[in-house]
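Here's a solo chain for you in structure tokens, the form predicted alone.
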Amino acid sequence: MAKAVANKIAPTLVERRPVLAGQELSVTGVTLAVLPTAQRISLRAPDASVAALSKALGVTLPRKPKTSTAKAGRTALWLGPDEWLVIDEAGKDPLADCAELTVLHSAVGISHRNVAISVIGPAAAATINSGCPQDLSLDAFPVGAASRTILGKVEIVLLRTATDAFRVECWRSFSDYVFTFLSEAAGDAAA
């Protein structure tokens, strides 16, 4: 009777690498960089639920168009009358913070769907405006302003983080297009 020999296959460790990880570009007046991964949720809720959600998330959900709030590494961006994008860069999970609440809301984890790109420097606004119709003057789009808009052919969420700095959020499937678009625009802005 022949003995069957079991093939033992060593387990393979698989490491998830963020899309565009490590991509950077620096030209005169602007620097582009893919930001580290973050936890994100798409949050929808009626007015009656906002106070409880704000308390659970540890950041007040903004109630006015084109605004954001931030506290302890967590940022909430107003996207619509009952819609927010919540980004946590402190390593905490905003989805878990909403899980125990009984107030009416919808919280969907979108951490792996989005990619963030920073656009920093005196030519940052000009770089973004190469493909975005949003008025990025400081009067119209001050520090903390947030908006769902377009860049070229794709939807982005734009946040002004400082006078000359922006965070561009896009879907990972469009991230190569967005980074390339911004790279070309940065070169033009530098010229």
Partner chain sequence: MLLIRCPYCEEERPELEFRNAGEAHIARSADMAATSDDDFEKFFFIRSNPKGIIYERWRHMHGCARFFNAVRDTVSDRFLLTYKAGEPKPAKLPGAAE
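Fair warning: this is a prediction, and the values are worked out from it, not measured in the lab. Residue numbers count along the first chain shown, from 1.
Keep in mind that the form predicted in complex with the partner chain is missing from the display, and what follows is about it.
A residue is said to contact a partner when one of its heavy atoms sits within 4.5 Å of a partner heavy atom; residue 68 fails this definition for the partner chain in the predicted complex, lying far away. Heavy atoms of residue 31 never reach within 4.5 Å of the partner chain in the predicted complex, leaving it off the interface. Taking the partner from elsewhere, residue 143 is found to have every heavy atom lying beyond 4.5 Å of the partner chain in the predicted complex.
In the predicted complex, no heavy atom of residue 120 sits within 4.5 Å of the partner chain. Looking at 79-101, the residues that come within 4.5 Å of the partner chain in the predicted complex, counting any heavy atom, are 79, 80, 81, 82, 83.
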